[in-house]
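Next up: a single chain in structure tokens, the form predicted alone.
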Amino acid sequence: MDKLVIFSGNANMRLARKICVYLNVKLGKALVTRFSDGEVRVKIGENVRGKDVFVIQPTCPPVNENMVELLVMLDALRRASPRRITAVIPYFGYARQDRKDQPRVPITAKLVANILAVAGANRVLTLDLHAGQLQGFFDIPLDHLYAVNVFLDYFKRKSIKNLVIVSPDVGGIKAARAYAKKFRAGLAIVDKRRNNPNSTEVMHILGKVKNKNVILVDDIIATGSSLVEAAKALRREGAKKIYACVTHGILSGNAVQKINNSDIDYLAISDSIPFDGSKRNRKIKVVSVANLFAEAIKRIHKEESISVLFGSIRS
């Protein structure tokens, strides 16, 4: 492991340190600050020539700031002649802009994929992309991890009986089915209609949830509207306890307040995005994915398969 070097931008330093503890390596020295005019300033503080370098940086809010930090770090490292650079992006920003759903709009996810490669990334490691087909946007190798096993371990400790896994929309059926298979639970789907990018209306519940304990599963929670409306509909249909697990907790605007005032008993999110301590409350629990990423990094470094870490999401 002496050829392995891990660096981190400012987006999620806590996660990077946890990964380094698991791997028993020191976090690489790098100065990542700002010049007086706000431009990103990066200086790598150690020799990386011939090394296997990993840069940990989710592109979470503030998205553009964190994105530019990552790109500048990749460029600085590329010019220092490492053997390989892997961009570890626990949360891949712009993932929801993955298609032209209206006239004259960009496919920004593809643009970001191209920029990462140009900046110097030889490989990308990420978690629970918003859509699986985003993997095809990259012209460099991409390893896609899934949080299903992390949440499975968390909820198994809760010993929830009479359980049904619920997808909050039709697009999440595949992931919900994987959770249902892992939990050996039933499956239900919330049929909703999106009124605008930040507002939805629940139309129907497909599946039996009456007198059941349910877990809503999703990849991203931003404003929280979809999850809150789905929980309200499930309560109307007679669901007992309503839990939720979401990989990426953006929790923008008044999302935390919405969750606190909702029918959701508690929400589990991963630490792919740092959760502000000032927002902590009894309804939001944080589950770490540090060990998952650390094991993937170790296997990539040793040129071993990481398919065992994927979970049976494709089943």
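Values in this document were obtained by computation on a predicted structure and should not be read as measured data. Counting begins at 1, following the sequence as shown.
What comes next is about the form predicted in complex with ligand R5P, which does not appear here.
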Interface stretch in the predicted complex with ligand R5P - options 220-228, 139-147, 117-125, 173-181, non-hydrogen atom within 4.5 Å
220-228
Does the 4.5 Å heavy atom contact test between Lys212 and ligand R5P in the predicted complex come out positive?
no
Within a 4.5 Å heavy atom cut-off, is Arg235 in contact with ligand R5P in the predicted complex?
no
Would you please decide whether Asp169 lies within 4.5 angstroms of ligand R5P in the predicted complex, comparing each non-hydrogen atom pair?
yes
Quick check on Arg96: any heavy atom within 4.5 Å of ligand R5P in the predicted complex?
yes
Here the chain is shown alone; which of Arg84, Lys192, Lys208, Lys241 has a heavy atom within 4.5 Å of ligand R5P in the predicted complex?
Lys192
Can you list, in sequence order, the residues from 113-132 that come within 4.5 Å of ligand R5P in the predicted complex, counting heavy atoms only?
His130
